[in-house]
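Look below for two forms of one protein chain, each set out as structure tokens: first structure 1, then structure 2.
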Structure 1
């Protein structure tokens, strides 16, 4: 007769193996989908990539020429976005973490508003940006309008991820700093923010990825112009909008759309690798300082 106590560990091991196999299959499936997308972009876009494509002007509505002005406009939109969103997002997270009691009414209202903002569709942000930034503020269809609209979009990512980084710090940091006689502001500047910097970099990286891949909001705010931008007040086409236009509206625009998408993918990958490298270097620096 089979001993139930002896059979239980065998059932547990079989269950562990089944879960491990299912998890491995899900992981490889995800990797396969990503690899398929990358291979498809390389196969279709790599033959059209060249230095002239990266630096040349857009010609024949994008069917020929390059994406130089589009790349410049994209980077300017991203810089405007980060210049506004990073201080606001980190400031909001610091206020929630260090200056407001958890669970208080103010904390619930702000975090609820941030979560609600995260659930707003991008097309709604585009309509808001067109109404408020383009019309009410008189900025028109411009790089600045697009950057400010994207700043509103990535704020929830910055706030929530930075807040998690601050709340996940070791519990003895704040009492230890207080025991040394450090003020709250000094503790924040010299202890908490440097220690939470890896998490803040993750928040910024996620925000950059969201901003670079956004299309719908920029259709209503930054415009379609493919000229070299002279100022932030001029219209500028983002790379994601350029890809959409080539793929959907321009006959025979698919080859350059694939090449542009490959450039966008590489740009996001380089930003992620840079952020990962900075995070690892800062983590080693903190470990060497505390050891």
Structure 2
């Protein structure tokens, strides 16, 4: 006779196995597609990759030659971006964490603004950057304009991650410093910021990764020039824009686009690994404090 107690588990086991297979397939295929993309980029890009490619001039609109000037422009755009975004973002986070009460109106308004900024699509940053930096401030299509536009874009990630780092500090550091008669400035400079440094580095690394992978915000701000840049006021093409242009606008640009995409991918992977490594160090660093 049918035993209901025996029947139920069998059905449950079958369902269990179905979930395992479906979930496993979903997980595996996600990672497999990732592997596929990487493999394709290596397959298409590696043959064109060489030292000369990394350092050479851009020739025939990118079809031949290298990406030397593009890498330099990218680096300069990144430096402009960080020079503005890092002080702004860290300053904002420090103010939110150390100088206003959490949940106060001022804190809610500023975090709300920063979170809204995070939701702005990157193409809109491009639109804004083109109008504000290039036209209103008269910077034209330049490395500076591109860097400033990116700075606006990575600001939220810097603020949020730095804030997380500061809020993750052991709570008793602050009264401890106050009880020794330290000013808030000294407490910040000598105690809190050095302790939060790994976390702040994570914030900067994430910002660099975001900035480096951005294309849309740079299309109409940093320009397309492929010459070696002489100054920040000149137009300069970022690596991501170079890939886009080669793939979309240059017939037979694909081989060099592949190699450029591979370079960008490797850079991003390195940056991500740095961020992961820093995060792990940071967690260990803090767990030493709590024991």
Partner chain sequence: MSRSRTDRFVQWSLGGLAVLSGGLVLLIVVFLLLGAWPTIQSGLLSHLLTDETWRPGSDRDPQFGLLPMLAASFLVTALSIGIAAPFGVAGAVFDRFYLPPGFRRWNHRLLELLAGVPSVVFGFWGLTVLVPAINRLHPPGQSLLAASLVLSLMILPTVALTSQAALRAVPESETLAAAGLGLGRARTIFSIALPAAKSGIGGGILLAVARAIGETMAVVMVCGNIAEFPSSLFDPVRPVTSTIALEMGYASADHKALLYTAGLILVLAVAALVGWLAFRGSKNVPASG
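Residue numbers count along the first chain shown, from 1. Keep in mind that what you see is a predicted model, and the values were worked out from it rather than measured. By rigid core we mean the largest C-alpha set that fits within 1.5 Å across both forms.
Novice: Between the pair I just shared, point out the form predicted alone.
Specialist: Number 1 is right.
Novice: Core-aligned, is the CA shift for residue 38 between the two structures 2 angstroms or more?
Specialist: True for residue 38: a C-alpha shift of 2 Å or more.
Novice: For residue 266, is the CA shift between the two structures at least 2 Å following rigid-core superposition?
Specialist: After core superposition, the C-alpha of residue 266 moves 2 Å or more between the two structures.
Novice: Look at residue 27 and decide if its Cα position differs by 2 Å or more between the two structures after superposing on the rigid core.
Specialist: After core superposition, the displacement of the residue 27 C-alpha between the two structures reaches the 2 Å mark, so yes.
Novice: Quick one: how many Å does the C-alpha of residue 16 shift between the two structures once the rigid core is superposed?
Specialist: Its C-alpha shift, to one decimal, is 11.9 Å.
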